[in-house]
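Shown here is one chain on its own, the form predicted on its own, set out as structure tokens.
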Amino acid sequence: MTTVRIPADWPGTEEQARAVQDALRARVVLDEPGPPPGTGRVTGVDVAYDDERDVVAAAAVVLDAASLDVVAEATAVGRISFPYVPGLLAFRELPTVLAALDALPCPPGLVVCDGYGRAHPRRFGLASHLGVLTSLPTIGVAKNPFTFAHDTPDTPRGSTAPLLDGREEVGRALRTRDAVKPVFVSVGHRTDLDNACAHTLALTPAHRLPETTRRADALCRRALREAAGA
């Protein structure tokens, strides 16, 4: 487990954080398809908080994209680096997420975030922010649609409906299980939306949420419990 310090130049106010988003958003790459689904490695990242103790734990779990077997995993624990502000959650999570990724013994391949990329009011959610900082291909797979409208996808697995901000498609509601609530997929960095949805389906053979997210969630929760008991 890696212990993380908040970077000295990390934003401390909402105004500073939004300025960082504005500066980095132009660096998002949207004209690459990303790696083919089912090939190479794919990594899930997730975080867990203990607000009373001012602690956040992050996990990165690398899976073989074909078999979904775990290849490597790493965790990091640090202080919460930013207050809770909707639309600025990346600033609470990124220092520990980056440390967990850095602690991996192998390249992560595509990174799947439990959150948003382009499907964000400022078009720069966690998946986009992480992708720009690391130059890795990233996607966001969220449990809820945040502020955006969508029609209900058809019942069968694989059905989609556009996630819309006005007329702009910022992501897709994707049915990963027949007749089960969809997940909400968006591009982070160096991928396209079709490929992001294909990866999500490849990562959900038996459950609503991707195996990357499920395993990273369990690991970061365990790391947080261990940190609390230390």
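Numbering starts at 1 and follows the sequence shown. Note that this is a predicted model, so its numbers are computed, not measured.
Missing here is the form predicted together with the DNA; even so, the following discussion is about that form.
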| query | finding |
| --- | --- |
| Residue stretch of 95-103, 111-119, 68-76, 156-164 approaching the DNA in the predicted complex, non-hydrogen atom distance within 4.5 Å | 111-119 |
| Site check R41, L201 and P205: each within 4.5 Å of the DNA in the predicted complex by heavy atom | no |
| Non-hydrogen atom contact L88 with the DNA in the predicted complex at 4.5 angstroms | yes |
| L130: touches the DNA in the predicted complex, heavy atom cutoff 4.5 angstroms | no |
| is_contact(V170, the DNA) in the predicted complex, heavy atom dist at most 4.5 Å | no |
| Partner contact for N144 in the predicted complex: the DNA, 4.5 angstroms, heavy atom | yes |
